[in-house]
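One chain is shown next in structure tokens, namely the form predicted on its own.
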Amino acid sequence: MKEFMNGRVTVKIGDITKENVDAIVNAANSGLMGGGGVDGAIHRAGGPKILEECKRLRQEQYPEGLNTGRAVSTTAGKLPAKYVIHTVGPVWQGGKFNEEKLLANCYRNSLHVANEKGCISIAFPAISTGVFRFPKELAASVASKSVKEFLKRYDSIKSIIFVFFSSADENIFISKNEFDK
């Protein structure tokens, strides 16, 4: 575990579904109906309430699905968090389709949703680095830069935790972060 920005940012290995924070971020697909990876784990651990709210969001606000880079919140169901913030990361296509900007939007928009909900703590997974194939080194730079910019402008969120599945992913993030620059 490593801390940055006077302890406001923590990087660790763990299970995001067990984090005792106000909000956890779900690396969702645009359909918001659950899936594999982090998305599936959150839906399984949180129970059916999350899916019920996702279905309602699809019917009432996002009939075509949530756009890449956007973020929306639901209950956290049985999770220790209060909210799940769903964001759709970009699929890596060689960097030719604004993937970096879209990934930055995932982090910024998730933080803004958390701020609007009155959250003071939030946990993030590595968005888009799994089946969406975003290069992990570049994702670490984009994520940390986006979070750093947010924390410089807003002081409402006191704790941001990046939760990684493996020590290899944690080490990549620590070595490629932008917090110290």
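Start at 1 and count along the sequence shown; that's the residue number. No experiment lies behind these values; they were computed from the predicted model shown.
Not on display, but discussed next: the form predicted in complex with a small molecule.
The candidate spot formed by Asp15, Gly130 and Asp169 is fully in contact with the small molecule in the predicted bound form: every one of the three has a heavy atom within 4.5 Å. Although the partner is absent here, Ala143 lies well away from the small molecule in the predicted bound form, with no heavy atom inside 4.5 Å. In the predicted bound form, Pro48 stays away from the small molecule, with no heavy atom inside 4.5 Å.
Using a 4.5 Å cutoff between non-hydrogen atoms, Val21 does not count as a contact of the small molecule in the predicted bound form. Contact annotation for Ile122: none of its heavy atoms lies within 4.5 Å of the small molecule in the predicted bound form. Contact with the small molecule in the predicted bound form, defined as any heavy atom within 4.5 Å, is confined among 130 to 138, 61 to 69, 152 to 160, 108 to 116 to 130 to 138.
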